[in-house]
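Listed next as structure tokens is one chain, alone, in the form predicted on its own.
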């Protein structure tokens, strides 16, 4: 197994008068009182594979934004270890940490942090200036990413002349300009109009296909998470309740809290044929195969018209990997018969 891009081992972040001692107490007595402390991240362990998009969800105050700030070491953890490409970032000097952020990390947060005295173009080019890149090269790159986020005609504007959604897109463009290996995004589309939000989601999916960029994406929008994520981590009170693929989150919620997130979701729109696929075990299933990455909703016409009980399922290379039970798929699509 290759080394993960991000590894988070038993991480705690406690705010208060004596956070280290309080974290130690909670390890021994999980139900101990607060004693003036706030536990923002509680014993979180996770691994993010290179090229993976992990979406972190939770209600306000669940700890998701604090977690992403720990992962980028914008705040130091109270206890535990965070590694980027195998390197413990807690042990880095300030100089090495700055170098890591400049060379490998991109960050977009809800507070855009744009420089008010610089134009949109200059704001996007700023991190490249900090890298020492030539003016012509950084301006060319800034124009390229501004076109990507639909702001090519706003490059000479100042931040105060833009709407909130446009400012957010400038922040995304500035982060993209450095072509980060690891990208941390905290509610990056929250200020965008629905149409622009959908377009930016499409752009993220396209970028994910073009590179092995690792993305940790914070959102409170479950539909957005289902559309973008390779895996979803759902947080409550600083802890991760479940970290799994969208299919399994919907089909097999680990807790009642996670199940409540999936209420009202059209499961057929989320679950893929591969998630319901069962091994062949030497048997032969006839008929044209369906792709494992196609949703049950997209297969609805085939499922209704099909007469066979089992439908072959193929992987991305066209190899048959198992079979889809038509009745099970129809139950998911139409609801189980009473």
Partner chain sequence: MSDLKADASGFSQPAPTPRTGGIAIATAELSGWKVLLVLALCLAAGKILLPVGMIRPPDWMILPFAAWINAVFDFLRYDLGLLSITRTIADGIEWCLDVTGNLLYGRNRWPHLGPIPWSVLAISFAILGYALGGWKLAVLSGGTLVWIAVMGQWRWAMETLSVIVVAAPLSVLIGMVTGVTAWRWSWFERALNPLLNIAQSMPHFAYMIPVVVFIGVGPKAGAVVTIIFSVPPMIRLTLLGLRKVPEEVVEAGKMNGASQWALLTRVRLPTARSELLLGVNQVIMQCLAMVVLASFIGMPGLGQRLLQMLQALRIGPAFEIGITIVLIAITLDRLSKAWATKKPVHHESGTHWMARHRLWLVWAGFASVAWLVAQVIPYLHEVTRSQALSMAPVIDMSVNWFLTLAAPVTEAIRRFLIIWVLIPFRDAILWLPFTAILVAVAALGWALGGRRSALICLAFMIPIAMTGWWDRAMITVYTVLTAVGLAALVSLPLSVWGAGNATRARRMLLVCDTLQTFPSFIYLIPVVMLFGVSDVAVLAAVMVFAGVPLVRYTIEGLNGIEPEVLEAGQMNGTTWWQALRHIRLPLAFPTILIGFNQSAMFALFMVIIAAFIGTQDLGQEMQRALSATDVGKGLTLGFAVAFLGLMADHLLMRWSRNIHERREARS
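Please read these numbers as outputs of a predicted model, since none were measured by experiment. The term rigid core refers to the most C-alpha atoms you can superpose between the two forms while keeping them within 1.5 Å. Positions refer to the first chain, counted from 1.
Omitted from view is the form predicted together with its partner chain, to which the following refers.
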query	finding
Contact stretch among 224 to 232, 125 to 133, 81 to 89, 260 to 268 - heavy atom within 4.5 Å of its partner chain in the predicted bound form	125 to 133
Its partner chain contact at residue 169 in the predicted bound form, heavy atom, 4.5 Å	no
4.5 Å heavy atom contact, residue 242 to its partner chain in the predicted bound form	no
Contact test in the predicted bound form: residue 184 vs its partner chain, heavy atoms, 4.5 Å	yes
Residue contact check: residue 72 to its partner chain in the predicted bound form, 4.5 Å heavy atom	yes
Answer option from 195, 210, 98, 137, heavy atom within 4.5 Å of its partner chain in the predicted bound form	98
Contact residue in the predicted bound form, from 107, 145, 200, 215 (heavy atom within 4.5 Å of its partner chain)	107
Residue 138 C-alpha shift between the shown form and the other one of 2 Å or more, rigid core reference	yes
Large Cα shift (2 Å or above) at residue 268 between the shown form and the other one, core-fitted	no
Flag for residue 240, CA shift 2 Å or larger between the shown form and the other one after aligning core	no
